[in-house]
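Two forms of a single protein chain come next, each set out by itself as structure tokens; they are called structure 1 and structure 2.
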Structure 1
């Protein structure tokens, strides 16, 4: 059974159709939800939480129908919203214990569980300070902790690295990966940061204008490109390689990020032809890997196919 199942789901705000006939099946693991501003990501999460009633179609989470059984869904899933949910004049441990009590725990069990999840997300002695003194990174950890307080099997994360510095972002992504891999929690990660999705998720769903424009396993979306290779050569051999490649009419350019050459081979040529050319030119190849598509290129191509230019995509 899928964790999330949608069939021809339509959600509207007045005359505006935010989700337009959405049909999806979300299974276990880490699933990335991508889309430009206004694509329907937040609307989808609110619908799955039971906050919005569909105009038509059906939706279920963990076998429970929405919105009729929304309370049953919320008892079993955790939600880390993009906006702040903490109370500035209480401590993190008090806030987490209160969240535990809301899920029906006894006072002692809620306090014990609060300390457990705060340890897990890496919030040390600061848990006893008022949250108005917390940094953005600490508040993000508290938000993740409250989503985990009742040990859910399904977790919705809305922009979990929002506002974090590079170190904090990497720590948050590592936490999410650990939650999926070791705790076997299914995660639906909504983000506009493509590197975050690419690092954490095994499956990606792309939305635009309330429709699914592309979805599939990440390894299939960013497959290797046929006949395109990234080449690194011995220092000083660059001019000889350029001359040799130009001489046979192959397309090539310097990669601006790492200085390697990207060479496009003809349809009938292979990697062995590239090495033979380099050998004849006295060039020593030290690095040769197939070039893969990037999640960004797949995303932008998908937007272009649906008639939305990247400049207006909000990325």
Structure 2
């Protein structure tokens, strides 16, 4: 059974169609929800929580229909919202115990679990301080902790690395990976940061203008390209390589970032042909790796296919 099942789901804000006929099945594991700002990622999560009522179509989470059984869904899943959340006049322990009580825990059980979960997300002794004294990173951890307080099997994370410094971001991503691997929690991670999704998720769903523009396992989306290699040569050998590659009619260009040559070999040629050509031209190759498609390039290609430029998409 799929954790999340959508069938021709349409959600509208007045006249604006935020989700336009989504049909999806989401299974266990870490699933990335990618899309530019306004693509419908947060709208999808809010619909799955029962905050938004679909105009048409059906949605179910863990077998419970939405929005009729939203309360059953909320009992079983955790949600980390995008916006900064704080209850300034209470400590994180008190706040989490309060959240735990809403799930039917006794007061002592809720308190114990609050301590455990806050320890788990790395809040340490700071959990006794009032939340008004917390940094953005600490508030992000509290947000994650409140989503974990009842040990959910399904977790919705909306932009979990928002506002974090580089170290904090890496820690948060490592924590999410750990939750998926060790706790066997299915995570639906919504982000517009492609590296975050690439680091954590095994399956990616790309949204744009409320529609799924591409989805599939991450490994399939960013597979290595068969005949494209990134070549670095000894300084001064670049003109010789250029003339040799042009001479045999292979296409190439310089990578704008690192300055390496990106060479497209013909179908019948292999890497050894490239080395033979370089040897004959007196070029010393110092770097040669097959080029993989990046999530970014897949995403930009998909956007182009749907007729939307990256600049307009806010990437």
Partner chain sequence: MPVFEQTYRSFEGGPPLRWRWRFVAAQELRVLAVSRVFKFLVFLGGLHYLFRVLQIVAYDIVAQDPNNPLAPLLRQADMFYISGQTFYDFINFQLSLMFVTLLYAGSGMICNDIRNNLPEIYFSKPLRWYDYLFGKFLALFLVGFSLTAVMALLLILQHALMSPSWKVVGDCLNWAGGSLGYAAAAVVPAALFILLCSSLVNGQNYAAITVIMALIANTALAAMFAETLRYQNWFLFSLPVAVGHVGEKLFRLARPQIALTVPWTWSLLYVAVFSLLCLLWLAFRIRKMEVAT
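Numbering follows the first chain given and starts at 1. Model, not experiment: these values are computed from the prediction. Rigid core here is just the name for the largest C-alpha set that superposes within 1.5 Å across the two forms.
- Taken from the structure described as the form predicted together with the partner chain is structure 2, whereas structure 1 is drawn from elsewhere.
- For residue 240, a C-alpha deviation of 2 angstroms or more is recorded between the two structures after rigid-core alignment.
- Once the rigid core is used as the reference frame, the Cα position of residue 282 differs between the two structures by 2 Å or more.
- Once the cores line up, the CA of residue 263 ends up 2 angstroms or more apart between the two structures.
- At residue 249, the distance the Cα travels between the two structures is 4.3 Å after the core is superposed.
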